[in-house]
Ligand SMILES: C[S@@+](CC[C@H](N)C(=O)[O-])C[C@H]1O[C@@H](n2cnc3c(N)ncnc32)[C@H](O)[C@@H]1O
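First, one chain by itself in structure tokens, the form predicted alone.
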């Protein structure tokens, strides 16, 4: 893998993970190909929009939790296209002085996010950079990252529903270790990951079919077990309730136990109590 990030131009001929996530959340298709692909997806797994909302809701709750712990700077990797309840909007409502750096490798997501931030006059405390989770040092060393984030002070790192789009061949645990190493003591890490570990057989088959559909997109997906996802938190102390289904992490309302999307993703928040890699 090259150490140089190559910008990924907008490809209107194939769906991307960022655009599809936006479609599941908002119902808006950026390109016709996204709408067509979305229709195929919902034929296979009708509740995928609910799963997307579970991830978005977890991101918002994790962000609120981190703000309550005193975190005032956030790195949101794989932030996707802007939609209601973005990290900086949640943060600004609680701590207007807080700073947010968004990262995405999808040019459409970056362009739309920049336009939104400019319209909201938020560019003094928030920015978006085009970069890739597979090259963490380029994210950490980016001038806009260094402009807004002080890595001598605790950081809130968010990687929500992004690791499924990083294959095992890209050494995701090594990438996560590199990011963890850069975080100062007192930082928090919020992550979620699609999984079929605890799903009933019917949903397992639906999720496998979904992974097959994503082979035709710009971002093929990888499902991982509860144990495989837990490995991303090595060196971190899990915050209660530890690693649970995404809608079960500190919910504001009791989760629907009959919701078929509930067991399809795990989420957790980890705390870095010591400096260095531990």
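Numbering follows the first chain given and starts at 1. These numbers were taken from a predicted model, which means no experiment stands behind them.
The form predicted in complex with the named molecule exists for this protein as well; it is not shown, and the discussion that follows is about that form.
- Only one of 194, 156, 172, 78 comes within 4.5 Å of the named molecule in the predicted complex through a heavy atom, and that residue is 78.
- When you look in the predicted complex, the only residue of 116, 207, 166, 90 with a non-hydrogen atom within 4.5 Å of the named molecule is 166.
- When contacts are judged by a 4.5 Å heavy atom cut-off, residue 144 does not count as touching the named molecule in the predicted complex.
- Contact check for residue 18: a non-hydrogen atom falls within 4.5 Å of the named molecule in the predicted complex.
- In the predicted complex, the named molecule lies farther than 4.5 Å from every heavy atom of residue 51.
- Residue 55 belongs to the set of residues with a heavy atom inside 4.5 Å of the named molecule in the predicted complex.
- Only one segment in the set 116 to 124, 157 to 165, 181 to 189, 90 to 98 has any non-hydrogen atom within 4.5 angstroms of the named molecule in the predicted complex, and it is 157 to 165.
- With contact defined as any non-hydrogen atom lying within 4.5 angstroms of the named molecule in the predicted complex, the contacting residues in 130 to 154 are 131, 132, 133, 134, given in sequence order.
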